[in-house]
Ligand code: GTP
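Before any questions on how it binds or moves, here is one chain, the form predicted on its own, in C-alpha cells.
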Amino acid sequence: MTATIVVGGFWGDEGKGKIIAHIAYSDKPVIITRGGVGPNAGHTVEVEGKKFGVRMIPSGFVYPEAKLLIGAGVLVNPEVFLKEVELLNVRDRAKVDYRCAIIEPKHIEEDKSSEHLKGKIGSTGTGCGPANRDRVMRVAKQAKDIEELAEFLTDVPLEINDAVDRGEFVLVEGSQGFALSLYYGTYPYVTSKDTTASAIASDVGIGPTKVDDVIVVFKTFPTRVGAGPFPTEMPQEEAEKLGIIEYGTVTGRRRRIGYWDSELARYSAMVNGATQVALTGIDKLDKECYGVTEWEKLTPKAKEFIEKVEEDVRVPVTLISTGPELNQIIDLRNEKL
C-alpha cells in the first residue's frame, strides 16, 4: 500500500473530517498526517452523537491505532496543539515536525487588527498570514525552538516514507479547500498558501510517486465563510427553506450557502489530480436519503445528482455521506475502482 491524500474541492467545510475518519477505520493507516495552513482550518468529526472540532491534530484521531503527525509545512500554535493533545488524550500518538513554523501571539494580534486581513479579506484572525510571511522572510521560530513541544518533535517525512516503504498505509489530510488556494483560488480572498493535493504532499514530505489516490471532497451545496466571490450563492432565505444553516468550526461565523458549481468542481478535480470523489450532504438534497448506507436505497433524485457530479468531474464518486455520523455513509470504492 502507499498513501492517499484527502483534500477539499470548494471553499472548505466540505466534510473532510468525516470522510477521513471513515477511511481511517476502514483502511487502518499506521500514520495519519496533516498538511495545510494551520489552526485557521477546523475539522468537525461526530462520533456517537459527540462532536469534536479540531484545528491542529489530524481529524483522523478518532482511529486509535494510528500515529498523528503534523507536517513541516503546517503552522503550529503551541497553545492550541497542547490543548488538543490533552482534550483528545493523544499525547502518546501526536507528533510535530521539528521544522514547523510557529504562530506567536504577535501574529494573532496583527491578524486581528489588520484592516486588510480582518476587514477586507475576512481572515479567521488566527495569525496564519503574518506567521507565513515571517516564514518566507526566514525569521519565524520553528517547533524545535519551543521547549513545550520538545517531547512531540519528529521528522515527519522520514516516518511517512519509512512506513510506505514497508508497505504500510498512510492517510494524508488536507485542510481548507481548493478555492481558497493562494495560487488557484478567488484571490485575494484566499488563504496564505496553496491548498491543493500537490501542496499537501509537499507539506508532509511525500513525493508524487508514492501517492496512490487523491480523494477530493465536494459538498452537495457548497459553502463559504467570510468575504469573496461565490458564483452560485443562494439567498439566505432559500438556504433556510432547505434547512441548511451552518457555522464555521473555527470562527463560528455563519456559512454562505450555494448551489452545486459544475465548473469549479471540474477545475478543482483537474488541478488536484483527483482519482476519486467523496460527496457529502446528499441528505440535504433529499431528506429521504438521511442515514442510508446502500446505493440501492438512495432516491432517484439523489442518484441522478451523483451521476451529474461524475459527469462534471470525470472521476468516480466512491464515498457518499448521508448524515453527520461516521456510519452514515455509502462506500463504493470496491465496486468502482
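One-based numbering along the sequence shown. No experiment lies behind these values; they were computed from the predicted model shown.
The same protein also exists as the form predicted together with the ligand; that form is not shown, yet it is the one meant from here on.
Exactly one of the stretches 25 to 33, 280 to 288, 295 to 303, 308 to 316 approaches the ligand in the model of the complex with heavy atoms within 4.5 Å, and it is 280 to 288. The partner is absent here, but in the model of the complex a heavy atom of Arg255, alone among Arg135, Arg255, Arg93, His107, sits within 4.5 Å of the ligand.
When contacts are judged by a 4.5 Å heavy atom cut-off, Ala41 counts as touching the ligand in the model of the complex. In sequence order, Ser321, Thr322, Gly323, Pro324 are the residues of 319 to 336 having a heavy atom within 4.5 Å of the ligand in the model of the complex; the partner itself is omitted from this view.
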